[in-house]
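In structure tokens, the next block holds one chain alone, the form predicted on its own.
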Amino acid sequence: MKVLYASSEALPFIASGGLADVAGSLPKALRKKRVGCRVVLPLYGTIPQELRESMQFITSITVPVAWRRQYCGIFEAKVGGVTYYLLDNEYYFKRGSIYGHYDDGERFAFFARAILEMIPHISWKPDVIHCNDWQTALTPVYFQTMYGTREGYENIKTVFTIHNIQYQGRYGMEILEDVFGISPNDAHLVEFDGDINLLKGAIECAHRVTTVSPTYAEEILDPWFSYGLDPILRERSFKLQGILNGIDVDLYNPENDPLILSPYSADKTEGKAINKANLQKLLHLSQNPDAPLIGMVTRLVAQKGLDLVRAMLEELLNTTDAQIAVLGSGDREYEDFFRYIEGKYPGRASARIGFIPELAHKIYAGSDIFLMPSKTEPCGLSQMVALRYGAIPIVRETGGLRDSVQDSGDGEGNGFTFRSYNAHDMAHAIHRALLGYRDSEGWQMLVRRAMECDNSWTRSAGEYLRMYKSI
């Protein structure tokens, strides 16, 4: 079995979110199951020089982009036992950021087609091309309309994974031919609600469509979650499957994490208290080992449930001895709110605005509780990392949060959950957690149970392998 994993970002080369984590971890897990999995991504100008030095030039080709032909250099790199192909075109990819440009549609149309054009030139023919999110959504469309019957492309299947259905790649129909190179005869594949919708095209054309958790696969059939695509998904539900993401358990391992002060494990948790004291000192929180410390590592956007946090956080800080440590960046209104909270509650609240991986590891290791009250969450990785580090998650029952965190009310779960998107329900879950924290013996049992959860890619990779074989 050979799988070409196509992604617009992948660790360790370039990252802006969870997609890069998945593209950097799943292929490694698939290789451990004897799947010949290789990754293809753009060669962005912002990829660090030390990683560029490890790349080998293979060849250069030209790629059709509608009526134009564009240069494409093919580079190869091997990292962690995985082969990566990086596709070079400085006009499209030598930018200061990877997304957010006026010509993103054309940039990723080039990438989507280059994925297919490179196959005859790499001496390696995949059985499956696994595409991810709207940036590679045109690959299944191009394969069905242009490549599937060509010599050298026989018996290739396509898989498309929706990581977040909110981002669909929508454009006006007037650029169908001039930018995307799609014939008017095939317009029906990508047309939706009067526009080009690249995500819709991939759903129509891919042999299988997956999402990043079983619950999210159910949710996106509902108009409340689908951002308009539920009719298409219901029509194609026979090809839809939800597979829960995993985390890189080597990167996130409290037993040997170089970014935390003291190692610890499920059997020997003493080091967690040392990390908590270190985090309190680092963030200028009161040095109180008995105060429950709530951590949040999140994008500061409405989807993450921050309006619920804003509605009840001051009441929580005024009525309990809990501390809170927040790390993230996003919308100005939430950044300003957490700055305000830090200023009003010195020693009780900390807000660090930005993306600081080293501090994120310290928050996971030093927190007693991890709050993740998302409005929607296709999968979520932070709650899995929190479990790995023994920071007990409080989550809303949505998407992958529901699939990975079970309420401990019956003595068997690994966290605390609430169902309704309601600040009072979230507050009730927090107070249940704070009450549980006061039971030292019971809390230690919960921490151990959380740390023993298997959220590795090994389980998920097995499900992907079964899915590939079923096509």
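When you see a residue number, it is the position in the sequence shown, counting from 1. Model, not experiment: these values are computed from the prediction.
There is another form of this protein, the form predicted in complex with alpha-D-glucopyranose (GLC), and it is not shown here; the text below is about that form.
None of H163, R388, H361, R208 but one reaches within 4.5 angstroms of alpha-D-glucopyranose (GLC) in the predicted bound form through a heavy atom, and that residue is H163. With the partner removed from view, the residue among P378, P373, P393, G366 that has a non-hydrogen atom within 4.5 Å of alpha-D-glucopyranose (GLC) in the predicted bound form turns out to be P378. Residues within 4.5 angstroms of alpha-D-glucopyranose (GLC) in the predicted bound form, judged by any non-hydrogen atom, belong to 380-388 and to none of the other stretches in 273-281, 380-388, 137-145, 312-320. The closest heavy atom approach of G24 to alpha-D-glucopyranose (GLC) in the predicted bound form falls outside 4.5 Å.
Although the partner is absent here, Q303 sits close enough that one of its heavy atoms falls within 4.5 Å of alpha-D-glucopyranose (GLC) in the predicted bound form. At the 4.5 Å threshold, heavy atoms of L19 reach alpha-D-glucopyranose (GLC) in the predicted bound form. Within this chain, V212 lines the site of alpha-D-glucopyranose (GLC) in the predicted bound form, having a heavy atom no more than 4.5 Å away. Using a 4.5 Å cut-off on any heavy atom, the one residue of 238-264 that reaches alpha-D-glucopyranose (GLC) in the predicted bound form is N245.
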